[in-house]
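Listed next as structure tokens is one chain, alone, in the form predicted on its own.
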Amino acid sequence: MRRPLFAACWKVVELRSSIDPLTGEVTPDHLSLGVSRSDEAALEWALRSAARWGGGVRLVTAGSAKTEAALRQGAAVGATELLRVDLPIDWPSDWIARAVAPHLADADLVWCGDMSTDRGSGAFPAYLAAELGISQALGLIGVELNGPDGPAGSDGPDKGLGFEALRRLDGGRRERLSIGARAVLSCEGATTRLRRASLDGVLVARDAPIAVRVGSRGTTVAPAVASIAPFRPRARVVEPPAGPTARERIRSLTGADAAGRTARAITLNPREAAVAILEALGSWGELPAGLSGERAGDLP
């Protein structure tokens, strides 16, 4: 019977960098290397998965030897395997995913943070799932490890694994997922907090072995950064205020002459409510072209 393996991916970045207020020059602070709250939550869920179904926890990061101090922090809280893929941290996300994927091919669940603290795009988990050829569940805001107790069976690596998760969607919507197979999961930092390391764990982590693998360079063309500047949205073209005098133009800009919208509570059946909504939108000028409020009653 093969023991299941749960993996967590960390991106180690500088949490505090000094910026010169006059020149804008950034001074690196390697002593502040760490991970985001969401990455910490990913490791915590990997540890909880191992506690429920048995097995080990592999903590993986990509970068230089300076990231190994953060890996040892993960070992202090319970990670059983430490792995560092030696590659430049400024590689594109798809390159890093291709370099890391071979070292996660035997993992049953791969937990990632939804976004790093260096304003990352959050695309790494999706690229990693594509490289591994397994399912993905990204942007989790809630996890319930309610699967059966005991490790995965010998008939397959995903037998016995089963739990539910809540995923964030656009527009304030939510999606409830049932996960019972190998998958790459990314979670938000609010889902849980990483446990505190014990003194014995910190002492043992000092001598914990760290496996180092060389990452292979990707084949896609890396994007070229032409310049870095603050984001400024495009200016919108609006009609000039109407009125021959300054007073009238100010009243037009502020909307002082516009009639206020009075709220009212009405109780209607579904068809009457739909007609009332369309009539109100038509009176406000919010309906698409070709659909007026007078035609609302003619709709099926």
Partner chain sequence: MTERFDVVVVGAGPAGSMAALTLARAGRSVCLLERGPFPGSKNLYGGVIYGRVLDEILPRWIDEAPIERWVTRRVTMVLTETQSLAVDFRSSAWGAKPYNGATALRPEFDSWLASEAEKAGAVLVCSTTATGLLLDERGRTTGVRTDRPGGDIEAGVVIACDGVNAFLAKQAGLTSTEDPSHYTLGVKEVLALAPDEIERRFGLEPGEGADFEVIGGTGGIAGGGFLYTNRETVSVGLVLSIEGLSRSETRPEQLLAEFKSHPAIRPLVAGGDVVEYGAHLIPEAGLAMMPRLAGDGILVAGDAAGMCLAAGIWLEGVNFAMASGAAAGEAAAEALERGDTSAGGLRGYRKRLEANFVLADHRRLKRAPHLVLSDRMQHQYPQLVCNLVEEIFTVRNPSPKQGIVAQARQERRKAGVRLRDLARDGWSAWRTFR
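Being a predicted model, the structure only gives us computed values, none of them experimental. Numbering follows the first chain given and starts at 1.
Same protein, other form: the form predicted in complex with the partner chain, not shown, and the subject of what follows.
- Message: Is it the case that residue 173, even though its partner is missing from this view, gets within 4.5 Å of the partner chain in the predicted bound form, heavy atoms only?
- Response: Judged by the heavy-atom cut-off of 4.5 Å, residue 173 is well away from the partner chain in the predicted bound form.
- is_contact(residue 198, the partner chain) in the predicted bound form, heavy atom dist at most 4.5 Å: Residue 198 belongs to the contact set for the partner chain.
- Item | Partner contact for residue 21 in the predicted bound form: the partner chain, 4.5 angstroms, heavy atom | Close contact exists here: in the predicted bound form, residue 21 approaches the partner chain to within 4.5 Å, heavy atoms only.
- Task: Answer with yes or no whether residue 275 is in contact with the partner chain in the predicted bound form, where contact means some heavy atom within 4.5 Å.
- Result: No, residue 275 sits far enough from the partner chain in the predicted bound form that none of its heavy atoms falls within 4.5 Å.
- Query: Tell me which of 267 to 275, 237 to 245, 29 to 37, 52 to 60 has residues with heavy atoms within 4.5 angstroms of the partner chain in the predicted bound form?
  - Reply: This holds for exactly one stretch, 29 to 37.
- Out of 203, 177, 212, 123, which one falls within 4.5 Å of the partner chain in the predicted bound form, going by heavy atoms? Here the answer is residue option 203.
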